[in-house]
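Before any questions on how it binds or moves, here is one chain, the form predicted alone, in structure tokens.
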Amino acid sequence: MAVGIFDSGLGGLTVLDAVAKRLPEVPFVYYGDNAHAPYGVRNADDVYDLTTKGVQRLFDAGCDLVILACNTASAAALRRMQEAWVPEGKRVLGVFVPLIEALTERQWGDNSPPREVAVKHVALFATPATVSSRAFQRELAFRAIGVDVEAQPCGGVVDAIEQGDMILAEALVRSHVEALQRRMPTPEAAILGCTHYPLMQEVFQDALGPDVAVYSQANLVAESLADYLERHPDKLGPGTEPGFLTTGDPARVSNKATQFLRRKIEFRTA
């Protein structure tokens, strides 16, 4: 029954927390590629190679379905993986689509042509690699027309969060919001395009102001996954044991993860 959750580091734990609460009967196996984090400054080929290696490890752990909880991996590697790498009987899904469907008020699986939507000006905050991939804009264009997206690469935020320096993370978030507002003074919605950023959602909201709708991914992905598994129960893999895998130092990563989720987490070597 196991489902895999892949991330470059600790950010995907926000998604894991939400999906585990939504689907308590499903065992989740989490893989953090902490030895190579962050992905946001890597090139597309490097991200692809690291992501396929991690996803294969989750397949080996009995997960037939893997969620890429890393936006950079979803942006830079997912399409290539789906077209040329994912084995028959396995499935890899990204975290962009549930977010875009919520933004455009489309139901999960609605494949009708793109149409005009209420929101016309959208701010995207993401890692440099996610921004340069333009994957968000590409996926949005499949579903909506007439939407202006201004993307802000948020260098340094993931590192600060992973290091536990929330004062620096807040300062960086406010600086990135100011930079974006110089180009788009009045966005109607803001997309937090990194799974680390929900930890800073209140800071983003405060910096953007109360009139901007801020979208983050964890709960949206959880609802989409629940819907997907209801329609595709065959994608629950044979694995039965939940767990946490890391390419980094298990003791160090466990300590950081425990602080991250405020509950005890124990990683083992992937």
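None of these values were measured; they are calculated from a predicted model. Numbering starts at 1 and follows the sequence shown.
Not pictured, yet referred to below: the form predicted together with D-glutamic acid.
Stretch 37-45 is the contacting one of 204-212, 37-45, 220-228, 238-246, since its residues have non-hydrogen atoms within 4.5 Å of D-glutamic acid in the predicted complex.
Shown without its partner, this chain lists Ala144, Leu93, Leu172, Val158 as candidates; in the predicted complex, only Val158 has a non-hydrogen atom within 4.5 angstroms of D-glutamic acid. Contact annotation: of the candidates Leu180, Cys194, Met200, Val122, the single residue with a non-hydrogen atom within 4.5 angstroms of D-glutamic acid in the predicted complex is Cys194.
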